[in-house]
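In the form predicted on its own, a lone chain appears below as structure tokens.
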Amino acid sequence: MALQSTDVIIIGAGPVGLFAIFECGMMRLRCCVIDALDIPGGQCAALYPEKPIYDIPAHPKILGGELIDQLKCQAAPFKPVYYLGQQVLKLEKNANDLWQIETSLGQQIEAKAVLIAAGVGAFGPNRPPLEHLESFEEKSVFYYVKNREDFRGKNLVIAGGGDSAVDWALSLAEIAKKVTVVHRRSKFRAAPESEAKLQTLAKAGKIDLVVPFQLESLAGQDGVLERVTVKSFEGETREIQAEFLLPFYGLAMDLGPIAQWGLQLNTSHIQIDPKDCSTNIPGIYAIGDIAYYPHKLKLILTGFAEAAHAAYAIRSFVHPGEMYHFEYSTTSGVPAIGAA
């Protein structure tokens, strides 16, 4: 693949990474964005698109998916280039004294600055230890709900006992033919109000609770699921007719190659200077949940503020010695990328 050049490489397309595109754009900086997921939005899009968020300024309540849609719309005028479904494997200085990255799909990009907004690192779903699971994945087994309507009128098994499992059970029970929730404990780890709603729907016969049971095996042909077998701790087994299995066992978090880049770490987080979000390596910055400094609050709005600090600092780093007159957006509007 041809080497691509940009001003800033943003690693992570979660809400903070998306807002960083906008803030860098306001500084007239071009961005390429890399994320291990195949959709922008991070956990908000992958796990909680229909879960309400209450602490976003000017939004008393906004769904995770709606927030991501608005952030993508806000970033769109700056024409970011997304490289999704791939992880950054290498980061090193090249012959042009620029940072150059290479992804798991072979994409190479160079830039003067790198902004890490990778949440707590690359993440993927915790997969249940089931034989032949991979043959059903992306056909009948899904770890994220991208389109709720895909499950209308279907028989679903949802496995897990946390917020995402319970929230999706409540949501999909409205449109699915049947929803069965399998959990290894009678007690769920979801918000009390959500669990109360789950129990109410179970008593009304709208959700079937199979507890305490665990997933045992899958049956079907050519990736088309027909049955899910579950097993209790006493050895009792049950077969559940199902067209889809949605296992929600949380995410496996891993800094991955980031841990090998020579950055100063603090318990799997990147140590930064909070005044400009710089790391111990010139030209590399970190924001959002992956960034650490004393008294850090892990909130989306904290990451938004860090994105603004970082973008302003990156502007000076990319264009050293250049005078830049700061203006409020009410004065400057949305500048065109490439404009002086």
Ligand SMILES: Cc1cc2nc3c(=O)[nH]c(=O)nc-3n(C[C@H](O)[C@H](O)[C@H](O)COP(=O)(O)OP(=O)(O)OC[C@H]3O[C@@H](n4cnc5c(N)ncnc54)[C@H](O)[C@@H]3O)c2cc1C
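Everything numeric in this text was worked out from a predicted model, so none of it was measured. Don't overthink the numbering: it's just position in the shown sequence, from 1. The term rigid core refers to the maximal set of C-alpha atoms that superpose within 1.5 Å between the two forms.
Omitted here: the form predicted in complex with the ligand. The next part is about that form.
Give a yes/no on whether residue 286 approaches the ligand to within 4.5 Å in the predicted bound form, heavy atoms considered. Residue 286 lies outside the contact set for the ligand.
4.5 Å heavy atom contact, residue 220 and the ligand in the predicted bound form: Residue 220: no, not in contact with the ligand in the predicted bound form.
Hey, in the predicted bound form, is residue 59 touching the ligand, heavy atoms inside 4.5 Å? It does not: once the ligand is placed as it appears in the predicted bound form, residue 59 has no heavy atom within 4.5 Å of it.
Hey, in the predicted bound form, is residue 305 touching the ligand, heavy atoms inside 4.5 Å? So residue 305 does not count as contacting the ligand.
Since the chain is shown here on its own, which stretch among 270 to 278, 311 to 319, 22 to 30, 35 to 43 would lie within 4.5 Å of the ligand in the predicted bound form, judged by heavy atoms? Going by heavy atoms within 4.5 Å, the stretch is 35 to 43.
Could you work out which of 180, 100, 140, 87 is the residue within 4.5 angstroms of the ligand in the predicted bound form, going by heavy atoms? Result of the distance check: 87.
In the predicted bound form: members of 316 to 337 within 4.5 Å of the ligand, any heavy atom: If the 4.5 Å heavy-atom criterion is applied to the ligand in the predicted bound form, 316 to 337 yields nothing.
Please state whether residue 101 has a C-alpha shift of 2 Å or more between the shown form and the other one, with the rigid core used for the fit. Comparing the forms between the shown form and the other one, which are aligned on their rigid core, residue 101 does not shift its C-alpha by 2 Å or more.
Superpose the two forms on their rigid core, then report whether the C-alpha of residue 114 is displaced by 2 angstroms or more between the shown form and the other one. For residue 114, whose C-alpha is compared between the shown form and the other one after core superposition, the shift is less than 2 Å.
Do the C-alpha atoms of residue 296 and residue 162 sit closer or farther apart in the predicted bound form than they do here, given a shift of 3 Å or more? It is closer: the C-alpha separation of residue 296 and residue 162 falls by at least 3 Å in the predicted bound form.
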